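Here we start with a single chain on its own, the form predicted on its own, put down as structure tokens.
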Amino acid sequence: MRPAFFPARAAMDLAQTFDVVIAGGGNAALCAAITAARAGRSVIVVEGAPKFYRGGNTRHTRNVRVAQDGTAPTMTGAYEPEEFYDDLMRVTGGQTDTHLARMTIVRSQELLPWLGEQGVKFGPPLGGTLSLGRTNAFFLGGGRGEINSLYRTAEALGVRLLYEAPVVAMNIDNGFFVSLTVKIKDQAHEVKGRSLVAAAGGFEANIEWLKRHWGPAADNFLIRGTPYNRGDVLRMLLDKGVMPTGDPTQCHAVAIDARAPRFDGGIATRLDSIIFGVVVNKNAERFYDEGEDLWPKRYAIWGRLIAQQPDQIAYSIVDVKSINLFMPSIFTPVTAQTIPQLADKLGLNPAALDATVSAFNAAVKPGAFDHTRLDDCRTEGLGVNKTHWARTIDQPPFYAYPLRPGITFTYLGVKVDDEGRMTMSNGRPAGNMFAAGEIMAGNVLGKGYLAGIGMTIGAVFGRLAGQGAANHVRN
């Protein structure tokens, strides 16, 4: 795939000073680009990936979480802002900028009609194990369908696009963006602008950066998303005096099939079997309540949990009663007729796993199993009890999936205000620099995750940052 411009032509085409320079090419970047272009500004989007891989982690998404009053045709009931806020408080443990969180939720009510105006289409609601039909709208064609629609609209509005153009330097003078330098076919080119929107993602694909905070454990992490999110733009901004926010060890990290590729495995590698059985570490020991809450509110804690286990490996074990209740992995499960045989295939101690499963089975209390709600199927008397969806694992064949931490995006980012403007380390607002998407998601996500909220943050702050950058140019 060739770049958008050949080097010789790039120098000529990039001679102008753009009103808005956008670093990044995913959902947040395109929402910013479209907003600024509709405000009459000249806009350029600088994307480090080739055109085929454009869109960052948006390519791997399926839906966006939105507050709505029950009239959305592709959703199954009302999801009021207060319920959205309560859900966010529960998963973050209150570690959020409450002002920005409430604003994000209120502004999420605008997203379905606005995205529809940009050509994005939505499919029917999805229920089942995911329980998302009321809270999340699903893109027709998934995240790639959404991002392709946004790119088509951006191009029609005259937004300039550069692919295979990673940012290698930034010229920032006392909190004011002047220009950035991109590398195209090994040649450096300056892109000048009157304002900047940084929407280039986190640093999850930078293993060395992850190891600074996680140590050697990061060598066992798998990266669900794009390999292009190495945090280069984030690092430059922090080095230029932008105030950081968020814990570098906090991230959107889910349990994925340990046989997934190191990078870019995407949504298909996620495993949703956890609530239906038990999860054990390499010592064949359970270590957390598999039934703590509904899956969309708890699936994103399991990556961190497994990252804290020996060798960052775990195993999800179910029996034949549950094997068809969740979306299967793209890899076939490990199967056996007995628990000791299953342990042997997994490389676990057969006696230890048999004892763990037997103790679990003995602790299960009768109840009415219903995976769509917090049911009364639980265990009693264990060191780690399962509070919902606990059923005995006693009907062969038995199935197991090996699990690794799957990192989606990191929460360390830049501090912003409620128009997406960056804050400098001295506490003052940046002159003409805005941010949207994963690079600032840590303002809202101190820890934990709600399914689809990454796309919400990206779209809401993409629009805010695009408008803020456009207003700065006008003023």
Partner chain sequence: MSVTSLATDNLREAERLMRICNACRYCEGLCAVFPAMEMRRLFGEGDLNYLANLCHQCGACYTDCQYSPPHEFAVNIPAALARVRHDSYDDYAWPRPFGALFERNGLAVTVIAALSVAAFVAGVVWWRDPAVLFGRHAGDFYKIMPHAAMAWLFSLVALYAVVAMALSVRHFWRDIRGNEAARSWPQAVHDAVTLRYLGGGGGGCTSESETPSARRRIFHHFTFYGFLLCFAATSVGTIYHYLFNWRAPYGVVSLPVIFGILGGIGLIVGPIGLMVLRRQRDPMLTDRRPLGMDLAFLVMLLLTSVTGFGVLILRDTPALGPTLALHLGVVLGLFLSLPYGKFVHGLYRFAALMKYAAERRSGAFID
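Between two forms, the rigid core is defined as the largest C-alpha subset superposing within 1.5 Å. Treat the numbers as computed from the prediction; the structure is a model and nothing was measured. Numbering follows the first chain given and starts at 1.
Keep in mind the form predicted in complex with the partner chain is missing from the figure; the text below concerns it.
Interface membership of K447, defined by any non-hydrogen atom within 4.5 Å of the partner chain in the model of the complex, is ruled out.
In the model of the complex, the partner chain lies farther than 4.5 Å from every heavy atom of E285. Put simply, P248 is far from the partner chain in the model of the complex: not one heavy atom of it is within 4.5 Å. Using a 4.5 angstroms threshold between heavy atoms, R212 stays clear of the partner chain in the model of the complex. Shown without its partner, this chain lists D232, E164, D97, D264 as candidates; in the model of the complex, only D264 has a non-hydrogen atom within 4.5 angstroms of the partner chain. Interface residue among A359, V168, I330, V178, judged by heavy atoms within 4.5 Å of the partner chain in the model of the complex: I330.
Shown alone, this chain has one stretch from 32 to 40, 45 to 53, 436 to 444, 414 to 422 that lies within 4.5 Å of the partner chain in the model of the complex by heavy atoms: 45 to 53. Scanning 389 to 421 for heavy atoms within 4.5 Å of the partner chain in the model of the complex gives just one residue, Y399. Relative to the superposed core, A400 undergoes a C-alpha shift of no less than 2 Å between this form and the one not shown. Annotation for I147: C-alpha shift under 2 angstroms between this form and the one not shown, rigid core superposed. If you fit the rigid core between this form and the one not shown, you'll see the Cα of L271 move by 2 angstroms or more.
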